[in-house]
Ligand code: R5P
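Starting off, we have a lone chain in the form predicted alone, written out as structure tokens.
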């Protein structure tokens, strides 16, 4: 396998060796600002992986699509897009007059020559239904469970901030050897005033670990933590797969008895995130390596 990694994701390459060979390419712009891909590694009849992001700025999506097209033009047998964080995957709901962006992204990647996409913790099963090409997702349950053990949080209750996070919490409980039947969860409402939680189902206990897929602006988690405190919880930990840390509102979490935030490096962490001692960054490299091994195993079978 040949892997073509965009510059901002090269921090993961050492983890993936020797399973893949690094491909050499360059993204440039002409004087008129048109994108241009220069591929320097022969790829004919090879299975090529593209490691990168389609998150804004939009140049990332266009560059990845153009690279996929170039790889297929140069004879690549198969192109797999490795997108640790699948941007646009929350835009998966049918609403009159509104775009269905995750379906559009899938169609665009398919048209560019991508045969399949591998990601970490896709937002919903509906994303897979809307994608026109295979969308393979891995959830880091074992990694979260290990972090819970290493940071002496075995006595903490795992809590879902909404219905959608319940399967994630059950997976982590299973990895810890706990019963998966009952997961305390919060009922979430969206209104003109934003996100708020209206009801707690189940009991959280004095220490809680909230598990979710994304920390973006932090609105959902801020409301969830406020509700937990009102329910009697006194110490909160947060584990998310993707730490976007958009804006500054998420910092309100520190005033809501949040002791530590754990997130994976599916998105290159910003400097202010790396400098925050209460945020623990967990590498996604091992999960990507396991996905590569699975791709090799599937190829051997077929």
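Numbering follows the first chain given and starts at 1. All values derive from a computational prediction rather than experimental measurement.
The following text describes the form predicted in complex with ligand R5P, which does not appear among the structures shown.
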Query - Location of ligand R5P contact in the predicted bound form, chosen stretch of 149-157, 219-227, 125-133, 97-105 [non-hydrogen atom, 4.5 Å] - result: 219-227
Report summary line: Exactly one of 87, 214, 112, 141 comes within 4.5 Å of ligand R5P in the predicted bound form through a heavy atom, and that residue is 214
Report summary line: Only hit among 166, 195, 175, 200 for heavy atom within 4.5 Å of ligand R5P in the predicted bound form is 195
Requested in this report: Would you please decide whether residue 190 lies within 4.5 angstroms of ligand R5P in the predicted bound form, comparing each non-hydrogen atom pair?
Outcome: yes
Query raised in the report: Is residue 162 one of the residues lying within 4.5 Å of ligand R5P in the predicted bound form, judged by heavy atom distances?
Result: yes
